[in-house]
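Only one chain is shown below, in structure tokens, and it's the form predicted alone.
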Amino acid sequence: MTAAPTRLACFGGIYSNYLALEAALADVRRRGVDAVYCLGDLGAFGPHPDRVFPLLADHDVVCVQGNYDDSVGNELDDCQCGYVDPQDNHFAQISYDYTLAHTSAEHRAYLRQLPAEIRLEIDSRRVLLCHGSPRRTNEFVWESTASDHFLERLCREADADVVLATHTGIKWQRQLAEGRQFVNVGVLGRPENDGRRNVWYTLVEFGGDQVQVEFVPVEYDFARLAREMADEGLPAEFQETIRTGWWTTCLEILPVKERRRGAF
């Protein structure tokens, strides 16, 4: 275990959205957190993936390796996103091929060496930072389908009191038995399929009987991002998601409850 500060800012899924990352880091600075963590998937979906890396370095952001990072870093054939629907995989491949082609050799090397998880001990709590779940990088753990029993088992098997994860693209948290907690910290790369154009990061504060979690909305120049996506030849469906806040791709993986929030 590694000693750690007590007030963390965490986010996942930057998806090359360097404009949202820049806005989130500016907000983090104002709040005076002790450390900043990215839980993986630095690239995907958006334009100009290489613009993310200098921002992470300048702000000392510590990163976990997501499935996208492993794939891009090792130049694999696909993103290992975990989709099963042909349409979802079609758009995922377009996104992946673009990201791989526009990520420099230097940054691919950086992605290769990222850890699959980070373990901390904070305020006598064992904290695990991972991408999808403690047992699999690309596992989708959804709020509507994850029972308390399942989440408690994930925590026990991972020897963790608090699990911080991402991958699904939609933030949520759950208080569990024996003081355990599972938190999906959300993503910066695209909105949450709710008709809002903002994205999210998460503040996690340790101390006292309960871990305090605050989901923080991030406003950024989404219109500029959509224009840059168009200039780079990325699909109109991707641009529409950024402009409207409704998902147009990667929908089939959503459980019924999460899908009903959307427009499709």
Partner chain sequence: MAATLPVIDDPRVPQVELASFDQLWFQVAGTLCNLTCHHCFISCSPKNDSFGFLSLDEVQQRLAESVPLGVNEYYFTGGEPFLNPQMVEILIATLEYGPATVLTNATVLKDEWLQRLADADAASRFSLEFRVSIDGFSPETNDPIRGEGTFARALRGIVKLVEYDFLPIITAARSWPEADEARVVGEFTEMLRREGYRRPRLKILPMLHLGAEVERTHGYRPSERITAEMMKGFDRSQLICDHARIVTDRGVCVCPILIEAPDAVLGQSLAEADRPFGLSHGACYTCYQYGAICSNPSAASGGGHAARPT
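Residue numbers count along the first chain shown, from 1. Computed from a predicted model, the values in this text were never measured in an experiment.
Below: the form predicted in complex with the partner chain, not depicted.
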| query | finding |
| --- | --- |
| Heavy atom of each of Thr99, Lys171 and Gly189 within 4.5 Å of the partner chain in the predicted complex | no |
| Sole residue of Ser124, Thr145, Ser104, Gln113 within 4.5 Å of the partner chain in the predicted complex, by heavy atom | Thr145 |
| Partner contact for Asn67 in the predicted complex: the partner chain, 4.5 angstroms, heavy atom | yes |
| Proximity of Gln93 to the partner chain in the predicted complex, heavy atoms at 4.5 Å | no |
| The partner chain contact at Glu139 in the predicted complex, heavy atom, 4.5 Å | yes |
| Touches the partner chain in the predicted complex: Glu252 (any heavy atom, 4.5 Å) | yes |
| Stretch 112 to 136: residues contacting the partner chain in the predicted complex, 4.5 Å heavy atom cut-off | Ala116, Glu117, Pro134, Arg135, Arg136 |
